[in-house]
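What follows is one chain in structure tokens, specifically the form predicted on its own.
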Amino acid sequence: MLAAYYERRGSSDVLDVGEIPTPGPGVGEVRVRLQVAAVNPTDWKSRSHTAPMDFERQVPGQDGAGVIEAVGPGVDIARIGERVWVYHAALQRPFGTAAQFTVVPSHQAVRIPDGVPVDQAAALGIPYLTAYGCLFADGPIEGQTILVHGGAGAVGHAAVQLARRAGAHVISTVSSEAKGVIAADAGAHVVIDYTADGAADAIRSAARAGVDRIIEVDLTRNLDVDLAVLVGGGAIVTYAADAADPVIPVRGLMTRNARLSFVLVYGFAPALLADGVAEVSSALAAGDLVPLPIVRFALTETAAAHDAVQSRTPAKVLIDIP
């Protein structure tokens, strides 16, 4: 099969594209003929990490979509031909989604509802499951006020949609008018430009009783504002690691009985992950999810696709699989 891969960690120039053996599905697994792969920050971060390689050759990519074309023992043969989106394809596995084929456990290949474009399905995994965990790890959020920082980013965009669908009042911050349109189209009730003067006052005005839960993408930058608007007993949930660890204001958090949580989708308990997949699937089938703007790359341009995500291209980066 044709695949992008690397045999040593480093910058994007370690990525090659060429023919490698096609994997076969083992017990409980399916092989998916991929059509589109999505690129996430975790892809370039894993590739550039200084830790030793887990495998001699790594195909990057956690998310993608395509058609099941083979199943292993224990999987219903009726799944062959099913359109699916996949997640965690490269999690402790050598065959990610930047390839013509990937092999994953059957439950990590999720049926795509009829009528849903393959591009939208390919981009669901990491962003939407992360957003689900950030929002619902402590229980229902109906009636709560949720502040989503970065509502035009992949996880923030997903969080706005899932929170709105769950019956929350959703406030989102963005850094430009164009990003504000994206967050508003996703369902944010109030959109605030955090680069403008008085952003904290605008959040207070939009959430007069305070914010119950904050979905945080930049804890170091936003922590003072978060504490200023958070209700007593509220939660700040962060899913992105800063370049340097932030200084944690213990007393400020303690006096509010606030909770500060850190989320990494790869460590979700199986039950939380399954609940997230079920909710994302239901929302997708109901037509409650809208995709981000897209930037496309060919499989031969996988290195450029990684670079685009690393440079924070304001769109979802997809790779077309030939």
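The first residue of the sequence shown is number 1, and the count goes up from there. Predicted model, so just to flag it, every value in this text is computed and none were measured.
There is also a form predicted in complex with a small molecule; it is not shown, and the following applies to it.
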Report task. Although the small molecule is absent from this view, report whether V32 comes within 4.5 Å of it in the model of the complex, heavy atoms only. Result -> no
Query raised in the report: With the partner left out of view, is G153 within 4.5 angstroms of the small molecule in the model of the complex by any non-hydrogen atom?
Result: yes
Query - Partner proximity in the model of the complex: F136 to the small molecule, non-hydrogen atom cutoff 4.5 Å - result: no
Query raised in the report: Any chance A199 has a heavy atom within 4.5 Å of the small molecule in the model of the complex?
Result: no
Query raised in the report: Of 161-169, 205-213, 93-101, 142-150, which is the one stretch near the small molecule in the model of the complex, taking non-hydrogen atoms within 4.5 angstroms as near?
Result: 142-150
Report summary line: Only hit among V118, I126, V110, L230 for heavy atom within 4.5 Å of the small molecule in the model of the complex is I126
Query raised in the report: Which of V84, V71, V217, V225 has a heavy atom within 4.5 Å of the small molecule in the model of the complex?
Result: V217
